[in-house]
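What follows is a single chain, given as structure tokens, in the form predicted alone.
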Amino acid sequence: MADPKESRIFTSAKLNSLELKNRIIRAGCFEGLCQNESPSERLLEHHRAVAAGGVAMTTVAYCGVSRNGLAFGHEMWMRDEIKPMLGRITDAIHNEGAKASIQLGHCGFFASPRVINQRPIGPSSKLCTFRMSFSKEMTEDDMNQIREDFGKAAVSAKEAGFDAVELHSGHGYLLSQFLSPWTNTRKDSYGGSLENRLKFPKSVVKHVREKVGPDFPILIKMNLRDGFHGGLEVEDAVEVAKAYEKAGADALILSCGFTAKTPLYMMRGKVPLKGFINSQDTLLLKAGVMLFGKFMVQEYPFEELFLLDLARKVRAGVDIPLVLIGGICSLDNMETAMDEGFNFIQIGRATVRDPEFVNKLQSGVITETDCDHCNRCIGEMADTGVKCVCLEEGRALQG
């Protein structure tokens, strides 16, 4: 068992010019705390608590680079009017001794038509069963606009005091959709070969780098595999990682899964079907999830370090820092990541369960999280915001 006093996980390390006090980053876990499409006081308090709990950097998620990139009405999108509140959030995080990152992305073909009041855009025209809507194939003008939106959003984040940005190129978001053969069936120079499918995502990374300058950290969340036949596989992911390294990324977060097709592949554990049903805002949607939820949200057994084997292949192919995510539950898991050559780790549910998880780990009070990966935190966040439902129920019983 690893000794926290001797653990490399609690040593400092750099991301570009940014020094982090340890190797633990709070993952970009969607919080559901941006009602009216804007950051809230509860979002501030959520990340302040996580920062106080000992992570080196916490990731605020999810922030759309433009309004047509939203999946829900309780997601924020980057614009001037929210920058003062974002500044308060970064100040609160900094006052607790941590750094702040923000996850920037676009939902592409699974954006909600009800929220954005228009037809979603994507690399190709495709039915999204998650929304029961058809996306519109993006034109060159669309791509130019979204590229500009990414650049402007990154600059705004920097102006609001964020220390880094995380570009979302995983989980079936827009950049990931261009990379995946399942969503990109274009016949022009942006479709077909992996080189072509990389063209637009790579141009976004390059543009963001130009806008934020050479010293500002850019992390990219990307898929090791999409999790289904016909999607992106790890062999292609290695080439994507190499391309992102050349385009200007400072670190890669190696994840998996497709929100609109394999949503729990990225997390593993139990399917909180009851929570998903209760969170729907119409009777028709509730009935749909009740009838078809088990087919739309598959269950994948949880294993510790469930992405390690795939991530090793990327580690062998690039030189920039890599962030391991997926089933990291204990100090021993973190030490394994260090032994395997990963520079940082990201955790999510452990800090939802207990914001003080990292401090307790470092002090030796605990050696692992007691989160049981029931995933009820994501099943019910649409109504109440992210929280450990089991913990709150236990407190209620004790009260």
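Residue numbers run from 1 along the displayed sequence. This is a predicted model, so every value here is computed, not measured.
Beyond what is shown, the protein has a form predicted together with a small molecule; the following relates to that form.
- Proximity of residue 342 to the small molecule in the predicted bound form: non-hydrogen atoms within 4.5 Å are absent; the residue sits far from the partner.
- Although the partner is absent here, residue 93 lies well away from the small molecule in the predicted bound form, with no heavy atom inside 4.5 Å.
- Looking at residue 327, you'd find a heavy atom of it within 4.5 angstroms of the small molecule in the predicted bound form.
- Contact check for residue 168: a non-hydrogen atom falls within 4.5 Å of the small molecule in the predicted bound form.
- Scanning 29, 334, 56, 33 against the small molecule in the predicted bound form with a 4.5 Å heavy atom cut-off leaves one residue, 29.
- For the options 70, 51, 358, 347, the one in contact with the small molecule in the predicted bound form, meaning a heavy atom within 4.5 Å, is 347.
- Figure note: of the listed segments 360 to 368, 347 to 355, 36 to 44, 334 to 342, the one touching the small molecule in the predicted bound form, with heavy atoms no more than 4.5 Å away, is 347 to 355.
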